[in-house]
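The chain below stands alone and is given in structure tokens; this is the form predicted alone.
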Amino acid sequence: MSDVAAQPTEQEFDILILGAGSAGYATALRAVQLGFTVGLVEKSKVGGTCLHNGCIPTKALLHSAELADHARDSAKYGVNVELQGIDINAVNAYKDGIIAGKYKGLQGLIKSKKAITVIEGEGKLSSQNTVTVNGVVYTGKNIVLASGSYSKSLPGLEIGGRVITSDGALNLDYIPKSAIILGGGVIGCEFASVWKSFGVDVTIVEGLPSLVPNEDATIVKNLERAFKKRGIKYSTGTFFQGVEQNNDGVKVTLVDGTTFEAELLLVAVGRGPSTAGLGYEEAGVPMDRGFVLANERLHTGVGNIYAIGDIVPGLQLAHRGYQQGIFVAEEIAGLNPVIVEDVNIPKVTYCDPEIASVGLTQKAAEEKFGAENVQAQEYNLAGNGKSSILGTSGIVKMVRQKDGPIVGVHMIGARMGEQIGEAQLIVNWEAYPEDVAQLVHAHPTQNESLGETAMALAGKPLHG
């Protein structure tokens, strides 16, 4: 379905945006609020990776997976339900319905903003103030590069057949009996969680020493223990060497000679910036390994060109791109918006159990302030009534600068991603444990666990 009925007649805009994913469309929406005219260039569909083949579809699969697990465990709660199987076609129809609804809503929202012109086609930066689309040159007083990312592979590892990326995994019309997942980060752990719930024999291969290596060490240990309990196998600390495939499956070999066999290999080694062939370097935009280099205010140092989202080095998160889009629109308007550093952007990994974190890990805090100047406190969800009702285990961990503010919050447990809102306020507003401890947290909620952790860190634990 086309985003617009016809090509625009107006070819000059206050802000010309290359890419209509989370970052690009957020720029556009905020820009029109500020009185700007906007040209929004998109070769595919508005909403980008997040809506169509990233955040939204994966979380829909994870919800189906959660329901499957609930059915398996229902007798424990006095509800006699039998899991008769997973209808993958119905799962995909549910997922696709969510995407279609959100896509229609976003199209309608953009269409209602008369100052936004959606320009369909593959755009290319043709000078420091022009983008060419389908042979037509469009001019922008300001240019915002927001061309997004793609599923990466490893050098020499070809995608095809039984070797797939997350794009292929999202559109499988069958459930494999077994799968190897190359990469133990966010994408790998989420798909491992889904597939295990669907009855797949899953093995994760991660070359680094642990799963989710960017998380706090305590969280990592909890996740690995939980995955082991769920029957999700993993190999860490040894790198991938190669894969062979035939009509029956794949055989993965590690550098130490270890082999694994399964029906499929999912390559989940992260996402690369979609910048090749878009004219960025030719226009003088500074680049490094495909990423666009911008300063802390997201300006490239060339003309009036800004860069946002997954093409800028750092966390590749939809909400980071969304926030950067708003930031750039306000920056162009001269509002001098506040910078949110990557370390203080909330992160959630939606596997079971969920991981949610914001701010410095204990190790990073000790490196920054010195070990003697850092205090950390853990609260076990075994003491949280709502977590016990839900049947989950996990922890909340807070890290503070000694006699100073909380600089990191790290959580693991079913549904703990929903607690990241308060956690990010605590860290970004530099709250002291003593500040949080005196606030009232509703009972019985998982949210209480943040209050309990803060109370303990403030030296007055009630349930410790």
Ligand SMILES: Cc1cc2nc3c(=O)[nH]c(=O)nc-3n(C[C@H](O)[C@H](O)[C@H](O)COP(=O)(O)OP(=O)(O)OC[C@H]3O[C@@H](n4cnc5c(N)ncnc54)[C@H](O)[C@@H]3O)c2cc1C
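The first residue of the shown sequence is 1; numbering continues from there. On a predicted model such as this, the values are computed, not experimentally measured, just so you know.
Missing here is the form predicted in complex with the ligand; even so, the following discussion is about that form.
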query	finding
Close approach of residue 18 to the ligand in the predicted complex, 4.5 Å, heavy atom	yes
Exercise: residue 243 in contact with the ligand in the predicted complex, heavy atom 4.5 Å	no
is_contact(residue 227, the ligand) in the predicted complex, heavy atom dist at most 4.5 Å	no
Close approach of residue 419 to the ligand in the predicted complex, 4.5 Å, heavy atom	no
The ligand in the predicted complex: contacting segment from 117-125, 387-395, 71-79, 214-222, heavy atom within 4.5 Å	117-125
Position in contact with the ligand when the complex is considered in the predicted complex, options 37, 424, 401, 53, heavy atoms within 4.5 Å	53
The ligand: the contacting residue among 197, 361, 149, 142 in the predicted complex [heavy atom, 4.5 Å]	149
Residues in 55-69 close to the ligand in the predicted complex, defined by a heavy atom within 4.5 Å, in order	55, 58, 59
